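Below: one protein chain in two forms, given as structure tokens, structure 1 then structure 2.
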Structure 1
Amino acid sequence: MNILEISDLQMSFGTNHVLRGLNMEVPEHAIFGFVGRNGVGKTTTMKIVLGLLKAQGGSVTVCGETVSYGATRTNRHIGYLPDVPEFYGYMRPREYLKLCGEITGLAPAKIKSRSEELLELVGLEGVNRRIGGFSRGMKQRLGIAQALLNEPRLLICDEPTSALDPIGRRQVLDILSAIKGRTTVVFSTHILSDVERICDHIAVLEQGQLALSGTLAEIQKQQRRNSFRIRFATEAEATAFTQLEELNRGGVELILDGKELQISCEDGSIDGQKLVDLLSEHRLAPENFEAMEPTLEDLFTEVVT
């Protein structure tokens, strides 16, 4: 089942066409990485999903219900963590969660039990000082607790790690990984290493539409180019191998660095077996031979440049 479905979404600001018929599906219990450059339309999309911004075309459904601009009922299914969450600085964590629970109509006993559970989840169970003195990472973790208070089926996190130090980023990513079985997470970000670490589905937004979509393995297969790294015993062997006629044709890229050679082929004319045959034919025994899988950064760069 898809927890979120976006169909033909259109949005412009003046002459700036931000969304040009965006189509996207988020399966239940996924950690879904919504990736794109700054300013490409990720936050605009999330605001439309939340009913905070009126789209100029298309439709959005959450848990099978259509999102409406304004006081949309679908938000009862959603928890939201903005990129810079705001708090009442004079409150303490339990006081703040109590207020949020009362606003959403939770029973007092439920507020207490959920608050204790969530503060433990985000590593703030022993913290009783005022929120105004929290670090940025602590505020992000408290923001996650607040967003999960009402047991949402969909948690939307907009750039949750963008301003955090490495320790804070790891803590937030660990929390998001831990809640995968409880809810679906849409993780909007431009930090590709974070996506590779925790996301099982990925969508890359570029020029108002999805340039890539699927699991990382599916995307790698779709965009695959045969790439290999070979390390020879000597620089002379590496140089001689690059001069073979079979490797000097269109569609084959060679990068020689001392004894190490990288070979990339877009048209599939050079594969692992072909290289092994060439090495054997010319009596070359490399020290290392490996196929190179494209990283998300490689794939991202390929579709946005």
Structure 2
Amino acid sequence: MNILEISDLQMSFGTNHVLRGLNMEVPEHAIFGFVGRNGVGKTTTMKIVLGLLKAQGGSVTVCGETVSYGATRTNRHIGYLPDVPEFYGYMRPREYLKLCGEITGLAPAKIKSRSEELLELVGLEGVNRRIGGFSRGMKQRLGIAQALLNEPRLLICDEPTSALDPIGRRQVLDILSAIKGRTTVVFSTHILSDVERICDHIAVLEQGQLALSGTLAEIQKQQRRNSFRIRFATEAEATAFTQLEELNRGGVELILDGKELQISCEDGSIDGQKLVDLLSEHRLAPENFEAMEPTLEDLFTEVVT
């Protein structure tokens, strides 16, 4: 079942067409990495899902209910963590969570128990000073606590790690990994290593539409190019190999770097067996022969350039 469905979403700011018929589906219990360059429309999409921005076309459903602009009822299913969550600096963490709980309509006893549980989850259980004195990482962790307060079915995180140092990033990613299975997480970012680390589904937004979508394995399979790296014993052997007629035609890309040769073939006419045959035929014994899987960064770069 899909917890979030976006259909033909359109949004422009003046002449800048940010979303051009975006279609996206987020399956329940996924950690969904929503990837794209800065300014490509990730935050706009999330704000439309939250009913904070009015789309110029298309529809969004959360848990099967249509999102409407303004005070949308679908937000009772959602927890939201902005990229830089802003709090009332004069409040203490428990006071802020109490305010959020009262707005959500939780019972006082539930607010208290849930607040303690979440503050422990995000490592702020012993902190009772005013939020104004918090570091960015602490604010981000408190942001996760407030977003999870009403036990949402969908947690939307807008670049939660982009402003954090490596330790803060690791803490936030650990927390998001820990809630997997209980809550679906949509996690927008342009930090690809974060996505590879925790996300099981990935979508790449480019030019207002999804350029890639699926699990990392599916995307790698869709975008697979036969790519190999061969390290020869000498530079002369490597150079000689690049001269072969079979490798010097359209669709085959050769990158020679000293003794190392990288071969990519878009049309599939060169595969591992073919290369092994060529090496054998020309009596070449490489030191290393490796089939290369495209990384998410390779795929992302290919899509956005």
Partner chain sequence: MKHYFVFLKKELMEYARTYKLLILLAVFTIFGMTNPLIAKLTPDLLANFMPGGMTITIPEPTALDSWAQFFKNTQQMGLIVLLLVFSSVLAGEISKGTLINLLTKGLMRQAVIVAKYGAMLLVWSISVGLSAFLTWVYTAYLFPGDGVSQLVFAVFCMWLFGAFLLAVLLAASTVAGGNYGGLLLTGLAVVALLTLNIVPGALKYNPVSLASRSMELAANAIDKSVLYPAVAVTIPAALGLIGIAVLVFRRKQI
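In this text the structure is predicted, and so the values were computed from the model without any measurement. FYI, numbering is relative to structure 1, first residue = 1. We call the rigid core whatever largest set of C-alpha positions still superposes within 1.5 Å between the two forms.
For the form predicted alone, the corresponding chain is the one labelled structure 1. After superposition on the rigid core, the Cα of Arg94 moves by 2 Å or more between structures 1 and 2.
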